[in-house]
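Single chain ahead, written as structure tokens, the form predicted on its own.
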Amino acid sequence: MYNFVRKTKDTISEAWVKFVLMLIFLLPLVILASLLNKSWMVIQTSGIGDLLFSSVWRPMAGQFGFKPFIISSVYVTVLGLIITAPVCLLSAIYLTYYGSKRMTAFMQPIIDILAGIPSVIYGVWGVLIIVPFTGRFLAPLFGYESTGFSILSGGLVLAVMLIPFILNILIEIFRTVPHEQMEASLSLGASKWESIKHVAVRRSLPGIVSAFALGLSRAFGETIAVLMVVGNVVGIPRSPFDTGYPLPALIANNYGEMLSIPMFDSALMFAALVLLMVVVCFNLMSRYVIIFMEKRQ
């Protein structure tokens, strides 16, 4: 009797775990199918080629060219990651290998607080500080005229938002490097920095790539903070000081009031579909790079 009860409990537990796992697996497929269904109207009418590569955006005339929005999204995301990457990597190295335990204990709650601040607060901060700084100082410094609402402002705000997210991951990754390997490198005559560069960073390289991949995926879909500082003007940005209009901002600005227009509603769902597919493709590519690096180590 006892064995029967135990086997029954094990069977139920295993079935429940498999059900939850299958639910997690099916969730992105359900989201993909829903977005594809909702955007099928505009895909049939305009064609994927015109939707992705046309720059003409005239919704009332049925012309939906998403090229300016896609380029703006990529521009802001890549710029934010370029600014964030060296700050996070060097900060993680310092806190893990150079900083005292007291400093690490002091910085950890600060990083957690930054990670927990709502994105709209970052957006307000960007409007009050980053936008005037960009318009009055950075743009004239490089010979541009700008109101401050620009791709660069969006990238700077996005970079600040990504720092606590990526930094926390990098710190945990560097902590997984065995102390024995660092001590072996030091005992062979390498300096501390050489040991960090050739042992810690090299061993952690797949994790570092994964951290930045997750950060890029999150940055690509960031909405409110970027929306508030990027300008939201339809057009292909030619420089970081030009205004932009990322895909998430397009959806957030128009979705509520455009539900009554079926074609516009379908176009916005197509924008969400593009966002999803870009994130999925980038994650798959980064996963391949991580697997390739792990095999070479």
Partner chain sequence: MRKLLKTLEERFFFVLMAGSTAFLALLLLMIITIIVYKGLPSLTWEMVSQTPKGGYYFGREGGLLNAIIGSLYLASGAVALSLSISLPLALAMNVYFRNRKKLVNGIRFILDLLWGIPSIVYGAFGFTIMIYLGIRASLLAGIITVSIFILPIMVRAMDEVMKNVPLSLLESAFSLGSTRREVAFKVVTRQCFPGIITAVLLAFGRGIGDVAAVLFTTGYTDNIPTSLMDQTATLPLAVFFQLGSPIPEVQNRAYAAALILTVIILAISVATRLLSRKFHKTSIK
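Everything quoted here is computed from the prediction, not taken from an experiment. Positions refer to the first chain, counted from 1. Heads up, when I say rigid core I mean the largest set of C-alphas that superpose within 1.5 Å between the two forms.
Just so it is clear, the following notes concern the form predicted together with its partner chain, a form of the same protein that is not shown.
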property	result
Non-hydrogen atom within 4.5 angstroms of its partner chain in the predicted complex for each of 158, 242 and 289	no
Its partner chain contact in the predicted complex: residue 53, any heavy atom under 4.5 Å	no
4.5 Å heavy atom contact, residue 133 to its partner chain in the predicted complex	no
Its partner chain contact at residue 191 in the predicted complex, heavy atom, 4.5 Å	yes
Close approach of residue 143 to its partner chain in the predicted complex, 4.5 Å, heavy atom	no
Sequence-ordered residues of 91-106 touching its partner chain in the predicted complex, heavy atom within 4.5 Å	91, 93, 94, 95, 98, 103
Post core alignment: residue 234 C-alpha displaced by 2 Å or more between this form and the one not shown	no
Core-aligned C-alpha movement of residue 60 between this form and the one not shown, 2 Å or more	no
Rigid-core frame, C-alpha of residue 41, shift of 2 angstroms or more between this form and the one not shown	no
